[in-house]
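Single chain ahead, by itself, as structure tokens, in the form predicted on its own.
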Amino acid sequence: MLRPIKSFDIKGQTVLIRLDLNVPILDDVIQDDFRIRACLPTINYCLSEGASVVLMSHLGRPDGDYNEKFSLMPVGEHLASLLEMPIKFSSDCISQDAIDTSLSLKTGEVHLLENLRFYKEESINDSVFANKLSKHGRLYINDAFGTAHRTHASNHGIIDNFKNYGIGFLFEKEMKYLKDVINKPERPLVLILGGAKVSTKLELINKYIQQADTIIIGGGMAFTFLKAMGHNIGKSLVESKMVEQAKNILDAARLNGKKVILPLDIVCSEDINDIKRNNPVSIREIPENQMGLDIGSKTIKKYLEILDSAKTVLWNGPMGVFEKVSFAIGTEAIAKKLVEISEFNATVIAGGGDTASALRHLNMVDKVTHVSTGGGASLELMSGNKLEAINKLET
């Protein structure tokens, strides 16, 4: 059983919290603070209840060596501005100075540790490293759902050193929507899949062939299915090794009486950087020298009609190259419809890094039921897989 943070008496305690502060940074400036803001409720709750807080996270992939490019200092500065208070920062996560800083914290103070992945011991779940991390607090709280599919020292091995441990508000929310709601959805249940590859979503597809009422497919992965159906896809993205698997998925859908809806028309171009949006062409008329980069108007209309009656929607992957204005229309249309049906009590759950990025790009993150902070973790949980970090928390 996962223990929520509210089940503990934290007054006067030092709470060690594992967060996912892995955010994009350019020239020491945070480019997207979605994950930082998502952890604020847990931090603020601890402070309001009279606790002191020690925060730890990874950033990027420094491969076990110090690299200033991956320092959490800019994150700390941004976090301090959001909390509207100064926070302490240690340039090493397990040094005696860092541990002493944590032990000397006063009620209401916050201490951020430097990037965990500056030590290779973090990624290999080293028990000695985990023990050193545990010295920073009396109570351990995991609020880093985005790393729940990893077996690392800071979210797995560390638990062996604590009598009391549990999850924060963000982790609790992720579990509510990605596990509890999905397991007992209100119907019709519609799964929207996009993005580049079929292979990364194969487990998700295989699960929902059985459970979803309708599966909508767009983005680059649609062309692997269109290829499997015998269509010419020009220079569009295709996973050649997955074509046969795509055929099997379509056959399984027919046997299970499920609907897999593929694009009717496509917006194509010779160049992904084309600033002009060409007229859509039928999936049977994709030019040999062009690639599909977005769904067309007929496809958008069809997909929106399906979503009109949906009561639960799972969305993983954009409908096109949404980063380019010319090819963002399909993704934007889907996002607007999901916001609309959310307002009429449909449950809309968006998972995956690109999906969250698309919603943030469109300023719609707060307008659907839930947007997961976890990329790989959300995909794994939605696929029905057990995550080791969660299993450890349940012991």
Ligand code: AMP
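Owing to the predicted nature of the structure, the values given are computational and were not obtained by experimental measurement. Residue positions are given as counts along the sequence shown, with the first one as 1.
One more form of this protein exists, namely the form predicted together with the named molecule; it is left out here, but the text below deals with it.
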At the 4.5 Å heavy atom threshold, is Ser91 in contact with the named molecule in the predicted bound form? no
Heavy atoms within 4.5 Å of the named molecule in the predicted bound form: does Ile300 have any? no
Taking the named molecule as it sits in the predicted bound form, is Ser95 near enough to touch it, meaning that at least one heavy atom pair lies within 4.5 angstroms? no
Report yes if any heavy atom of Ala80 sits within 4.5 Å of a heavy atom of the named molecule in the predicted bound form; otherwise report no. no
Partner-facing stretch of 274-282, 312-320, 248-256, 174-182, counted where any non-hydrogen atom is within 4.5 angstroms of the named molecule in the predicted bound form: 312-320
Picking from Leu237, Ile159, Leu202, Ile87, the single residue whose non-hydrogen atoms come within 4.5 angstroms of the named molecule in the predicted bound form is Leu237
Within 4.5 Å, heavy atoms only, which of Lys120, Arg138, Lys197, Lys207 is in contact with the named molecule in the predicted bound form? Lys197
Partner contacts in the predicted bound form for 268-292 (non-hydrogen atom within 4.5 angstroms of the named molecule): Gly292
